[in-house]
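Single chain ahead, written as structure tokens, the form predicted on its own.
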């Protein structure tokens, strides 16, 4: 049985204050980003790359959460029930990324190639390598695919949240059984949509390059970033007196295990992608890495090697770190920063390489990128808090809640 305090835990009046603060930060960030973007005098081409980076960063947090929620229903997990509502809310927030990335997609569909170069019909016709991909690299077809991807994610995340909330007051376990029954096909649809979206939104920024495991690379970073965000969100709520009785050190321990696992998985996929391409030494494949191993991007590549893999791998290896919220939170912040750097490493080099960006400080990460991350993050947090405001932060009607409340690691 759950306690009354657990059953009634919502954000309450604090949610309104937090959402207003987040929106204010987002508006200020957007104004600063627009000003900084105008200073490049390139028709906002550099700004578009920064905006895509920000949208994808916050999108990947929601996609990582969506994977987590589907996985918990797929394996009928009991330990995670008390943290699953947070994941459900983060997953449903994918709609914010859809709205904010839509102008970039529409711009490409109209034939403008300042972000995705292939969207310009003249650029497409001028490249023999791209002519063979012309059927796929079509602006209108690209927009249709994006609608499908986001439609899948929004529909799936809303369906998961709706049934979970329904279970809070349901007289039986029928909503939970429906979620478990459809979790397997949902996972298949999720995997395919995330892979193809990674190809379209990110890999096609360098349209002559390809990697068959690029989608897995993006997926690994997405899930890792969600677990880092989950640690910070739950610890933030507990610091304000929420979830104090529901979430224990045992749950943090498991979140830390997942975080560590996906740090390792990201490193494994990153090395596999690099090693196979570098060993084959095909010019159309190695060019992508040549750009990222030259100029200021060479330093960023080294930062990713040590900051995204070696240091956090060693830092999260100990059981004691995973069971100490302060240490675990520090690593969570660190890894979210590294995830942003990783996405910048993917998104920004084409801006410098393809748009004469010797004037862009060699393509280095700049203030406009940080401002865009703050702008999108403010709006994303605003929507998340508004969505959570009147909902219980714990799935109080879930049949496995007692198991989660009593959970202990062996």
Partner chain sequence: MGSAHGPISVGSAGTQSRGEVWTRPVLVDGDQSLGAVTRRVCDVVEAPKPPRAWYIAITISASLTLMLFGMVVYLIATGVGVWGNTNPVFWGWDIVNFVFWVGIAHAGTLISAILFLLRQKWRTSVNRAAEAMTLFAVCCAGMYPAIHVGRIWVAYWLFPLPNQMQMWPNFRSPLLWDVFAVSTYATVSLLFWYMGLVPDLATLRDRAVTPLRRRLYGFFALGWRGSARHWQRFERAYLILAALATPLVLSVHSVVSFDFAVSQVPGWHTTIFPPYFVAGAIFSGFAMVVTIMVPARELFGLRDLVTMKHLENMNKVILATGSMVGLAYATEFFIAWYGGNAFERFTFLNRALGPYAWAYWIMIFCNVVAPQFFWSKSIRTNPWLMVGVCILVNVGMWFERFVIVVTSLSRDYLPSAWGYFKPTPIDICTFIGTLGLFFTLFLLFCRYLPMVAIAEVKTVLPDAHAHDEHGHAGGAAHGRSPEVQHV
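Computed from a predicted structure; not experimentally measured. Numbering follows the first chain given and starts at 1.
Same protein, other form: the form predicted together with its partner chain, not shown, and the subject of what follows.
- Residue contact with its partner chain in the model of the complex: residue 191 places a heavy atom within 4.5 Å of it.
- Taking the partner from the other structure, its partner chain in the model of the complex has a heavy atom within 4.5 Å of a heavy atom of residue 212.
- Contact between residue 139 and its partner chain in the model of the complex is not found at the 4.5 Å heavy atom cutoff.
- When its partner chain is considered in the model of the complex, residue 87 lies well away from it, no heavy atom lying within 4.5 Å.
- The partner is not drawn, yet in the model of the complex one stretch among 240 to 248, 101 to 109, 223 to 231, 325 to 333 has residues with heavy atoms inside 4.5 Å of its partner chain: 240 to 248.
- Scanning 115, 277, 124, 340 against its partner chain in the model of the complex with a 4.5 Å heavy atom cut-off leaves one residue, 277.
- For the stretch 170 to 191, the set of residues having any non-hydrogen atom within 4.5 angstroms of its partner chain in the model of the complex comprises 171, 172, 173, 176, 177, 180, 184, 185, 188, 191, in sequence order.
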